[in-house]
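Below sits a lone chain in structure tokens, taken as the form predicted on its own.
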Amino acid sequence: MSDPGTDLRHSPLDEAHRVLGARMVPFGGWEMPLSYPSGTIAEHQACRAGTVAFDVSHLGTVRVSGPDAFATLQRTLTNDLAKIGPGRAQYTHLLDEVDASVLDDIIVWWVDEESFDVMPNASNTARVRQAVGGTDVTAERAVIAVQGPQARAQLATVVPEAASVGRFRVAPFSWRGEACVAAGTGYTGEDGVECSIPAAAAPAFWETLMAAGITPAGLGARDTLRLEAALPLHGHELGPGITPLQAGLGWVVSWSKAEGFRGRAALEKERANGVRRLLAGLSTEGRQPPRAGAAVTRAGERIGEVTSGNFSPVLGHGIALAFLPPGVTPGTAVEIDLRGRPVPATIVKLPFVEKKKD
């Protein structure tokens, strides 16, 4: 969370959230809705069963375009853009040159042949722009994530062109004469679409989604949803001292591309030596949520630390992510220190909640 005393940025949808009675909180330099009057658990369950809309305008958009755009991104980021093409999206990392820690995890929208929208986390936009160049166009648009098993069906009643975009596909669409972009991406473990809407048109687009019966959801539900899906959060499962290999995200790294990537030498060294810790899932029996920073012990010895923890609305008990030694496997019994009280926990296979089969 940001310091409330600093100047906070506001989404183009700020007034709409306040009209809906949202609880606003500082996050990544922005003031964003944490929850609405229905509450985080209700919003979470609405996403798992139906459709919700998140305002994720705090995420950055750095537009990298021109004949050198592909080459610049290809030699800087870990994943291989040559595996996809225009009209596709890709998850990737920007690494530190020295220790290969993840400076940011990013979605790249390949909009057309020479135009890419690079989507950093809120507080990392300037850092990513410094690495890849381009133009920060964050203030020019809002990004609305429509998520859930019914997301496409309900979004189709508002804008069929956006609802039909494939998973990790990117497509332009028009809404009331405004040029917009849709991507089949999200951060909930459910199906869905993220819509980039010009800032001036965004409030009306949001109101149309609400009128279509889509439930508004805030950052609280977004966090519990991503945790159930075991999706990493920068500053928790990714960040200083944490590499893609430690986070179990080696698939984001392309070792074969000729261009290489920033931090490759350091990451190759870690790969050769073997990682000292790996991200793992923990399950507790009670409703009390494990919290980030809590020690994980086995036989009285500290073996790791919780990076994210919360109550799982779907499972009805506490869940957590933690960095543990590589040899600690699912089924292993451990304890989490919750304010001096050891709470029994079990290492479990990730994700905690699987996406429902179609």
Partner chain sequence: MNVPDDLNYTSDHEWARSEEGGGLRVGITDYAQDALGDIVFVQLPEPGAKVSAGDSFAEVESTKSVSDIFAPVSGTVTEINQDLTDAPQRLNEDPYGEGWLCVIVPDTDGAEPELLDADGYRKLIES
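Residue numbers count along the first chain shown, from 1. Predicted model only: the values in this text are computed from it and were never measured.
Although it is not shown, the form predicted together with its partner chain is what the next lines describe.
With the partner removed from view, the residue among Lys83, Arg176, Arg287, Lys269 that has a non-hydrogen atom within 4.5 Å of its partner chain in the model of the complex turns out to be Arg287. For the options Pro325, Gly39, Pro330, Gly293, the one in contact with its partner chain in the model of the complex, meaning a heavy atom within 4.5 Å, is Gly39. Remark: Arg9 does not count among the residues lining its partner chain in the model of the complex, judged by a heavy atom distance of 4.5 Å or less.
Taking the partner from elsewhere, Thr297 is found to have every heavy atom lying beyond 4.5 Å of its partner chain in the model of the complex. Its partner chain is not drawn, but in the model of the complex it has no heavy atom within 4.5 Å of Ala46.
Residue contact check for Lys349: none of its heavy atoms lie within 4.5 Å of its partner chain in the model of the complex. In plain terms, the part of the chain that comes close to its partner chain in the model of the complex, with a heavy atom within 4.5 Å, is 31-39 out of 31-39, 299-307, 49-57, 65-73. Shown here without its partner, the chain carries Tyr91, Arg127 and Lys355, none of which come within 4.5 Å of its partner chain in the model of the complex through any heavy atom. Contacts of stretch 333-354 with its partner chain in the model of the complex, defined by any heavy atom lying within 4.5 Å, are made by Arg339, Arg341, listed in sequence order.
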